[in-house]
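This document starts with two versions of one protein chain, written out as C-alpha cells and named structure 1 and structure 2.
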Structure 1
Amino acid sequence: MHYTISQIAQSLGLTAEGKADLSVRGAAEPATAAPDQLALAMQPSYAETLPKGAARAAMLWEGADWQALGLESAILAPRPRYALSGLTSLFDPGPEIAPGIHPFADVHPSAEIGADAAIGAFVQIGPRASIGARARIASHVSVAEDAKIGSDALLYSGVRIGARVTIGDRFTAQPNAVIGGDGFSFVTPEKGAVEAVRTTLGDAQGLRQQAYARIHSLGAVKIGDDVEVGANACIDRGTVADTVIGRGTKIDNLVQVGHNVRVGADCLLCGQVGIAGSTQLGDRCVLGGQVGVTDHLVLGNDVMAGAGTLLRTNQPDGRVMLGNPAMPMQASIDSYKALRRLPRLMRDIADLRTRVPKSDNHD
C-alpha cells in the first residue's frame, strides 16, 4: 500500500507541502521512520527526534517550518489527532478474510447473508439470522437465531451475537465480545436479606436467603449505527424490553453493560467500565476506565466521570464527577487533598483541645 504525500493530503482535506509526489508505504514514529515512511511529528517535541530517523516527509502541526526540519515534503494538520484518524484509516490493511463463505463455516440455510460478505472459518450463523452487505466476519464468530446485523459489519474472532439481537450499520466488535448474554437477574420466593439491607442500611443478621430463581431475559439487545464494542466486553439482554446502545457509542474492552440499560448516542465507555441493570445514560457521556455506575440510575447528557469513579446517584446534564464515592471533580480533588492532611489535622485538634477550657457541665 503506497500513497504519495499528495494523495494522503487530499484524502485528509489538507495540503501537501514540498515534493508532493514522494511516495510512502506507511506511517512511523519520527525516530524510527524509514525513508519511505511518513513520520508522525504533530508536536514540536516529536519533531526533535526526526534526525534519529530517516524520514523524508512528515505530518506536522499547523504552522510548522517543515523545511527547517530538513524534510522534503510535509502535511500540516490544524487538528492533528483528527488527521491521524484519516491517515491510519488509509494505511490500515484491515483483517485478511477471504471473500465469500469459508468451506468450514456453518451458515444455516434460512440465514440471509448480504452481498460481498467475507465469512471466515468455523463461523456459525444461526436460523433466520440476517447479516448486511460487505460484512467481514473473522473465524469462530457465532451469530444466533434471528439476530440482525446491518451493512459493513466487522466482527473479529470469537465474537458472540445472541438470539434476536439487532444491530445497525458499520458495527465493529473486537475479539470475544459478547452481545446478548442473559441478564443477571434472580429472585428469592420470599423477601431476602438484600432487600432488607437496602431499606435499613444495617447488618443482615437474622435473615436467611432462599434459593434463587432466574428471571429470564425475554428482551434482546438493540444497537444503533456506528457502534463499536471492545474485546471481551459484555452487553446483556433486557428482561422484557431490549437493552439499548445508541448510535455512535464506543465501548472499550472488558466493559459490562447490564440488562435493561439504555446508553445514548456518541458515548465513550472506557476499559472495564461497569453499568448495572436498568441504568440510563444520555448522549455524549464519557466514563473513564473502571468507572462503576449502580443500578436504576439516570445520567443526563454529557455526563463525565474520571477513571475509577463510582456513581451511586443520578447526575444532571454536563456534570463531571470523580472518586469513589463520586463528587463533582473539583470537590473530589479538594477533599482528597484534605484527606491526605487529615492525620496531621487530627494531631492539631488534639492539641487545640488541651488548650481550650472544658465547657461547664454543671450548666
Structure 2
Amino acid sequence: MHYTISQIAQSLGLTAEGKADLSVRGAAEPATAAPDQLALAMQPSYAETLPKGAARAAMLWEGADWQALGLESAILAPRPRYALSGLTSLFDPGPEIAPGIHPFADVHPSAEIGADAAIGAFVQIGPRASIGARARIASHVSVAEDAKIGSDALLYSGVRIGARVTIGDRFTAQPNAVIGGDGFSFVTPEKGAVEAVRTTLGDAQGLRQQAYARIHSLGAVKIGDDVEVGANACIDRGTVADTVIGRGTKIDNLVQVGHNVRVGADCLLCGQVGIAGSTQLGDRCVLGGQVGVTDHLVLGNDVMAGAGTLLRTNQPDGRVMLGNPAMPMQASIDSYKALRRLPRLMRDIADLRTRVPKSDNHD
C-alpha cells in the first residue's frame, strides 16, 4: 500500500511541501524510518533523531524548517497528533476478511445480511439477526437472535453480541468483547448481611449470608453510532430497560459496564474502568484507567476522573476528581503532598518533645 506525499496531505486536509510525488509505503519513528517510509517527527525533540534513520519525508509540526532537516518532502500539521489519526487510518488495512459469507459460517436462514458484507469462518449469526451493509465480521464471532448491527461495522475475532442487542453504524469491537451478557444481579430470600451493612455501615450481627437467587436480565443493550469497544470489555444488558451507550463513546480493553447503566455521547472509558449497575453518565465524561463508579450514581456532563479514582457520590457537570477517597483534583494532589510530609512531621514532633523541658508545674 503506497501513497504519495501529495495524496496523504490531501486526505488529511494539509499541504505537501517539497517533492510531493514522493511515494511512501507506511510510517515509522524517525530513527528507524526507511527511505520509503514517512517519519513521524511531530515535535522538535523527535526531529533530533532523523539523522539516525533514512527518511526522505516526514510529518512535522507547523513552522518546521523541513529543508534544514535534510528532507526532500514534508507535511506540516498544526495539530500533529490529530493528523496522526487520519494517517494511521489511511495505512491500517484492518483484518483480512474475504468478501461474502465464508462456507464455514453458520448464518440462520431468517437472518438479514446487508450488501457487500464480509463474514469470516466459524461465525454464527442467529435467527432474525440483522447485519448492515459493508459489515466486516472476523472468525469465531457470534451474533445472537434478534440482534441488529448497523452498516460499516467491524467485529474482530471472538466478539459476542447477545440477544436483542441493537447497535448503530460504524461500530468497532476488538477481540473477545462481550455485548449483552446477563447483569450481575442477585437477591436473597430475606434481608441478608450485604443489605444490612449498607444500612448500618458495618453492623451485621445476627445476620448470616444466604443463598443467592438470580434476577434475570430481560432488557438488552442499545449502542449508538460510531462507538468502539475494546478487547475483553463487557457490557451487560439491563434488568428490564436497556443498558445504553451513547454515540461516539470509546470503551477501552477490560472495561465493565454493569446492567442498566446509561453512558452519554462521546465518553471515554479507559482500561479496567468498572461502572456498577444503574449508574448514569452524562456526555463527554472521561474516566481514566481503573476508575470505579459505584451503583445508582449520576455523573453530569464533562465529568473527569483520573486513574484509580473511586467515585462513590454523584458528581455535577464539569467536576474533575482524583484519588480514593475521590476529591476535586487539586485537593487530592494537596492531600497527597501532605501525606508524603507526614514522616518528616512526626520526626520533627519527636525532636521537639526531646527539647521541651518536662515539668510538673502547670501554672
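Residue numbering: sequential along structure 1, first residue numbered 1. Remember, it's a predicted structure, so these values are computed and weren't measured experimentally. The term rigid core refers to the most C-alpha atoms you can superpose between the two forms while keeping them within 1.5 Å.
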The same chain appears twice here, once per structure, so which copy is the form predicted together with a further copy of the same chain?
1
Determine whether the C-alpha of Gly13 shifts by 2 Å or more between structures 1 and 2 once the rigid core is superposed.
no
Between structures 1 and 2, C-alpha offset at Arg344 (rigid core aligned, Å):
3.5
